[in-house]
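Take a look at this one chain, the form predicted alone, written out in structure tokens.
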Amino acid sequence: MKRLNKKVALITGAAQGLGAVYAKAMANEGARVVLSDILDCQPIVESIIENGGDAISQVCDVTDNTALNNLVKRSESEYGPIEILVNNAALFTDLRRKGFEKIKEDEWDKVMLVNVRGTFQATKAVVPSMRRCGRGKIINISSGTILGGVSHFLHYVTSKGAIMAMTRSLSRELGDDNICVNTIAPGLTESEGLYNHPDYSDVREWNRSLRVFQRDMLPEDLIGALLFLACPDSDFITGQMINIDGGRLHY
């Protein structure tokens, strides 16, 4: 039997990049996946169905409570209670690296709105469904940048540090509900949005040189940890972070 057989998994920010990879991987393990994004996820849904998986999608802004509640209602109507939430939606590739003094307050607020409040709001919308299910797995996406510190990216790094703090606190609040809350912290990953990003052309080689495994990090390198945290194998693990960066940082 597949590890996520018939479990309902909601992935935010799933129209492209890492979110789409997460959704396909979970569908391959038998999950009924619900994809959401501010963009249309239907091409990813069609790809999953063509490969024998089960998926639906809905356009949803994670900072809009009405949209989130409608997404949960549809998910429960078509599949049943949600057991797995992957909080992937975030601003990253749309941001440019710059000194902190050049970051405008409205840009700072937008990053915090999507990356931090969006994770909070999506979690708040989904937890009642997990309680109806009697169990749950929340997988937040932080970043390896919070471990070593990265200059000229203060808003993003700060937002991802908040995700780890949120994970620790939520794990304690939700333990009595049999809900595990954990975080994955990826290193610099060769996602769609990174390929042509002008700020990272000169960073790749430097990152590779610092890794134990001196190669580019690929989206597929995150799948093992994701599935582990989503499946029953990790039922006694909560409030933790798995750092995945090919050995660049040791903590």
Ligand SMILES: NC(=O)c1ccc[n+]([C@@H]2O[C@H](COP(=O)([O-])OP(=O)(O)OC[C@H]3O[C@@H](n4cnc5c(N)ncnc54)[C@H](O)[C@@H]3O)[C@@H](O)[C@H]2O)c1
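Everything numeric here is computed off the predicted structure, so don't read it as measured data. Residue positions are given as counts along the sequence shown, with the first one as 1.
The next section is about a form of this same protein that is not shown, the form predicted together with this ligand.
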Exactly one of 35, 48, 26, 60 comes within 4.5 Å of this ligand in the model of the complex through a heavy atom, and that residue is 60
Students should find that, of 154, 166, 114, 72, the residue having a non-hydrogen atom no more than 4.5 angstroms from this ligand in the model of the complex is 114
Open item on the list: What I'd like checked is whether 39, 89 and 92 together line this ligand in the model of the complex, meaning each has a non-hydrogen atom within 4.5 Å of it.
Closed with: yes
Only one of 77-85, 175-183, 122-130, 156-164 sits within 4.5 Å of this ligand in the model of the complex by heavy atom distance, namely 156-164
query = Would residue 240 count as touching this ligand in the model of the complex under a 4.5 Å heavy atom rule?
reply = no
**Prompt:** Could you tell me if residue 141 has a non-hydrogen atom within 4.5 Å of this ligand in the model of the complex?
**Reply:** yes
*Evaluate residue 188 for contact with this ligand in the model of the complex, applying a 4.5 angstroms cut-off between non-hydrogen atoms, and reply yes or no.*
yes
Can you tell me if residue 229 lies within 4.5 angstroms of this ligand in the model of the complex, counting non-hydrogen atoms only?
no
